[in-house]
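First, one chain by itself: the form predicted on its own, in structure tokens.
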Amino acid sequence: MEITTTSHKRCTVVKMDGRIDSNTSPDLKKSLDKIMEDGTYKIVFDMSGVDFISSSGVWVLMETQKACKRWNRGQLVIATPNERISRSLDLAGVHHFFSIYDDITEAVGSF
């Protein structure tokens, strides 16, 4: 599992490779919390390298979305999820809480 962050003018892109499960979701939460502590609430989560997400991973995304949207500061958008991840978000019933983009450029441009 590897988490990388790239700061852009309007947002920060977070890219994770591997699985998001109960073992890796605390690390993802720490990374996302650090970004928000630094004052950035517009986050693009690049899921192109993610091949599995568990309920604990979905929970981290939901908590981050809630914190970003508080006081209309920003939002978390999801970019380039594969079909399996899209289906998982749909089955969990949370896909409508996120803007989901098929392209990183389009996701960054949404801000």
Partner chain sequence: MPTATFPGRFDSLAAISKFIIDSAKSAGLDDMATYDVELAVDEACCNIIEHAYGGEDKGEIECECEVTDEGLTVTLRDWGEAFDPKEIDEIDYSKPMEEIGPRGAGLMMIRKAMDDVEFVFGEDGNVLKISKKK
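Residue numbers count along the first chain shown, from 1. Owing to the predicted nature of the structure, the values given are computational and were not obtained by experimental measurement.
Not on display, but discussed next: the form predicted together with the partner chain.
Chemist: Ser31 versus the partner chain, in the model of the complex: is there a non-hydrogen atom within 4.5 Å?
Modeler: The answer is no: Ser31 has no heavy atom within 4.5 Å of the partner chain.
Chemist: Indicate whether Ile100 is a 4.5 Å heavy atom neighbour of the partner chain in the model of the complex.
Modeler: Ile100: no, not in contact with the partner chain in the model of the complex.
Chemist: With the partner left out here, check for me: in the model of the complex, does some heavy atom of Val13 sit within 4.5 Å of the partner chain?
Modeler: No, Val13 stays farther than 4.5 Å from the partner chain in the model of the complex.
Chemist: Within 4.5 Å, heavy atoms only: does Lys42 come near the partner chain in the model of the complex?
Modeler: Because no heavy atom of Lys42 falls inside 4.5 Å of the partner chain in the model of the complex, the answer is no.
Chemist: Can you list, in sequence order, the residues from 17-43 that come within 4.5 Å of the partner chain in the model of the complex, counting heavy atoms only?
Modeler: Stretch hits, in order: Arg19, Asp21, Ser22, Asn23.
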